[in-house]
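Below, in structure tokens: the form predicted alone, a single chain.
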């Protein structure tokens, strides 16, 4: 009985609980129905507003300007609408942290007046982390782990490396977005916690040599310098202690596919999706100019620089010579340049855009771009306001119904002149014979009425012994005394020459810097395998703040295209420019390396003829042999033998 009573009481308790839950559900349903009715009543107002906005919008075929503020407002409105449309049960809480890494990709295409095409790829990865803290970073999402470990292990503050094949022709192509000298260039800022900078620099070059499959392991003390003023940090910090700076250049480095492959593997999507699909090696290296670079630096995320992040910027610049005068037409397309078209953006990229520079032809009178885009954008690039047609690859409408984008441009007229760059430089070697020579550096200021200072850096190998007392600087036939000179003499087989000077360039003038040198005689083991080809001397580096035509933007944290935000801008009236000259090819006194072969041949001949004959005479044994009888005597002996008579 007790058991039955317990079962009856439990059953009654369950029935009461179910009734309470059913009443609560009915009340929630009633409240939900009331909310739904309220939403239905509000819908006509929303539809009316939407109709009014639709009526106020311009036609699709009209062009519209891309602005950062408008984009932010649109995104905010979209987020508000999305939050309103999400039910309360599935609403995302605002406390969810935003991702700390971001990836963007851009392609800038600029038609040149020479008939060539300049294409610049920009890939940027931002990561809000600290490689310098005690605990190691173990999780990598977009930032390549190989470079993250390099930054942590060697206490790198900034790293800039470039591999270039060809020489940038400034007077024909204008100024590039990111300049680089021919060959391989590497300059690194270390943290002030590094005690042995030279040893860390040597280990870093060996590691980077393995990462990029390059000959960076040939960088040693004989081609490494410590600039005092030419290379400042491009990221956070204005540290001017040049003891933690190292700069080296290998002008003879050859760039090929084995350097491009590891460079593409650093991208989050590799070469499988996004703009990196166009990076086809057989097309890139069949060009007039090719340069790939990697830049790592800490940057600010806001104007007050309260939060910082590491920026990895990978750039690739290429110039195609697609103009054939015999064809009688000028046109290019993505497929003609890269043998591929675009089908999608990188899924990991927050922004993927293509910019086409139409500044010289805003009305479409000289060339025509297809498919047309209504989106335009303006940016401050190298002291000028440039206009671009923008193609957003994150929008499916960009690819059309064919789901493929193949940009095509046709020239209607070949008229038009390119504005001369305000600053460019040249360098050559003068003299005759193999004993002495003279290095000439020409710096051109094409501004009609403004003068500005430039900082010249020359790194000359130790086997060219400079006569620094012969240094002369002339402008318009008059001496131009530098306001700052830093010279570090070389030591044979230890370090190169380092010459830095600050020179004021008069308006519309040519400034010539000359210095004499003497060629040294190397040891026979120090010559290259092809010594008669000559020895390369790295490019000179010219840095300057050039007067700007328009006011520059000094806010580095404001959202703008990647190609216009590499060098920080401190003043609105000027912009930073870095120019590289041609590398020099110098002949040194070279011994006749064919003489050992001639000596070996002569020695072998003397040994074979002289010593061989003497050795033969000394070791041969001589025996006396009687001459054989004649034919008549042999016949007579045969006859005598037949007769039984003894032979003769």
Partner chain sequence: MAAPLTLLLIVAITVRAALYRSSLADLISERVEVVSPLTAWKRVVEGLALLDLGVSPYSGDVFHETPLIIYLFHFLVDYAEMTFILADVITAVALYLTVKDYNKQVFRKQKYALEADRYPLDCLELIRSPKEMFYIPLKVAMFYLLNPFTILSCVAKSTCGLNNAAIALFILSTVKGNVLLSAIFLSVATYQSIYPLTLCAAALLYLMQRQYIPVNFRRASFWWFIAQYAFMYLGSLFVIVCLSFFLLGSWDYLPSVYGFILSVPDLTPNIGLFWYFFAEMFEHFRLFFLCVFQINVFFYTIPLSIKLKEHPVFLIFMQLAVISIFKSYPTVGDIALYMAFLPVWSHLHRFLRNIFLVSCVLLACSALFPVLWHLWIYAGSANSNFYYAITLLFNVAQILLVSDYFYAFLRREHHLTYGLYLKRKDGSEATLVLK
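Numbering follows the first chain given and starts at 1. Because the structure is predicted, anything quoted here is derived from the model rather than measured.
As for the form predicted together with its partner chain, it is not shown, yet the points below apply to it.
The shortest heavy atom separation between residue 466 and its partner chain in the predicted bound form is within 4.5 Å. Residue contact check for residue 518: one or more of its heavy atoms lie within 4.5 Å of its partner chain in the predicted bound form.
Not displayed here, its partner chain is approached by residue 490 to within 4.5 Å at the level of heavy atoms in the predicted bound form. Using a 4.5 angstroms threshold between heavy atoms, residue 305 stays clear of its partner chain in the predicted bound form. Though its partner chain is absent from this view, in the predicted bound form it lies within 4.5 Å of a heavy atom of just one residue from 485, 510, 194, 236, which is 485.
Only one of the listed residues (139, 403, 523, 476) places a non-hydrogen atom within 4.5 angstroms of its partner chain in the predicted bound form, and that residue is 523. The stretch from 150-158, 458-466, 540-548, 254-262 that comes within 4.5 Å of its partner chain in the predicted bound form, counting heavy atoms only, is 458-466.
Residues 432, 433, 434, 435, 436 are the ones in 425-456 with at least one heavy atom within 4.5 Å of its partner chain in the predicted bound form, listed in sequence order.
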